[in-house]
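One chain comes next, on its own, written as structure tokens: the form predicted on its own.
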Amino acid sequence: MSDVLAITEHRRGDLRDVSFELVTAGADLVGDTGGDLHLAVIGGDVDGFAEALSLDGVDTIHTVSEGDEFNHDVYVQAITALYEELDPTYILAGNTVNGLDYAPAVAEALDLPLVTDAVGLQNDGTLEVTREMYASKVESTVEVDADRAVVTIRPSEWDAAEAAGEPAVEAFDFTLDESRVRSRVTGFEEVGGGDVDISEADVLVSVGRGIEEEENIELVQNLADALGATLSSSRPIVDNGWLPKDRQVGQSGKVVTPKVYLAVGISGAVQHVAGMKGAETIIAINTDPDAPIFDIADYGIVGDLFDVVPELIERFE
């Protein structure tokens, strides 16, 4: 039997989606190993977060009341102390800005191997981690040659857990070494150009190189307005300077999971698909019936966007 400890994430008072995906990944893994799934909630509204994370498959939630926001030094100390107390076989974290901040330090402190950016996990006696390589064109399987490991999972690769459960909730107390806490979060400041957060949008209308000219983006913006949606784009649009970086969807942009993703003039390169394949419903408009975007689309329109988009705008207005 092998237990799993999953480290949940929150930011500015809200649990992040990857926390619920970690529950699914962790539950699947303990299904293979026959152990228990433990969740760690570190800082913030730990009681409220624990209530939201009381999900099927979770055995115990451990709350650590230290600070309000993510802090590298606090997380490393708390996770190390939890590991020594619980003795889990695997530690799971999100392959996120926060997760990639503390996971290497935790692995180093505990002398454990670290495997990042997992898109699949399996254990039939040995942990096997599926990762993608060469801009997601190739999948590789990493066999972990160790009894224990720290693994980060890619956001949006696992479904978010939803079914309610009744895990035990336990406050975890440990002695924080304040001398090793060398930074504190004092506030948040939005970066320039960050007028919207496309990762929070329910409906995205995304524009690609099929738009041809910068002045044509207004047409797609009008469609987004008619739908009450947010405008996003593929990388070429940002590289051309036609939209700011915060609008880019994809491997080098943002990972999004909207209820509806409407791709306009986007071919569906693997780098772009990696950032939006978690959408609930994908709709594509492209002149090429063999465009890769249609391989993952739920609905597709083969046609010239300059003919299709005006008709859609008229319908929705």
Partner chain sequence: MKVLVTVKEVAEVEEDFQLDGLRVAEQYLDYDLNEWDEYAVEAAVQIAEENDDVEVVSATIGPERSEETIRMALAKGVDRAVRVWDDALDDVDLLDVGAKTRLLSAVVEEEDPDLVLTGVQANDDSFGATGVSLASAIDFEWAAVVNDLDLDVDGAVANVRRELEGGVEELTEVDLPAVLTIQTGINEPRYASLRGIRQAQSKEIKPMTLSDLGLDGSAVESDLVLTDVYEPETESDATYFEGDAGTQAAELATVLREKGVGSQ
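Residue numbers count along the first chain shown, from 1. Quick caveat: nothing in here was measured; it's all calculated off a predicted structure. Only the largest set of C-alpha atoms that superpose within 1.5 Å between the two forms is called the rigid core.
Another form, the form predicted in complex with its partner chain, is not on view; read the next lines as being about it.
- Not displayed here, its partner chain is kept clear of Leu15 by more than 4.5 Å at the level of heavy atoms in the predicted bound form.
- Interface membership of Glu51, defined by any non-hydrogen atom within 4.5 Å of its partner chain in the predicted bound form, is ruled out.
- Though the partner is left out of this view, Glu170 does not reach within 4.5 Å of its partner chain in the predicted bound form, counting heavy atoms only.
- Shown alone here, Val196 lies farther than 4.5 Å from its partner chain in the predicted bound form, counting heavy atoms only.
- Using a 4.5 angstroms heavy atom cutoff to its partner chain in the predicted bound form, none of His38, Leu121 and Phe174 count as contacting.
- Think of it this way: in the predicted bound form, its partner chain has a heavy atom of just one of Glu215, Glu84, Glu166, Glu189 within 4.5 Å, and the residue is Glu189.
- This chain lacks the partner; the member of Gly43, Gly278, Gly253, Gly268 within 4.5 angstroms of its partner chain in the predicted bound form by a non-hydrogen atom is Gly253.
- Looking at 235-260, the residues that come within 4.5 Å of its partner chain in the predicted bound form, counting any heavy atom, are Arg235, Asp239, Asn240, Lys245, Gln251, Ser252, Gly253, Val260.
- Superposition of the core reveals a Cα shift of 2 Å or more for Asp225 between the shown form and the other one.
- Relative to the superposed core, Arg148 undergoes a C-alpha shift smaller than 2 Å between the shown form and the other one.
- The Cα shift for Glu108 between the shown form and the other one, taken after rigid core superposition, is smaller than 2 angstroms.
- By 3 Å or more, the C-alpha separation between Val97 and Arg235 shrinks in the predicted bound form relative to the form shown here.
- Relative to this form, Arg16 and Ala274 approach one another in the predicted bound form, with their C-alpha atoms ending up at least 3 Å closer.
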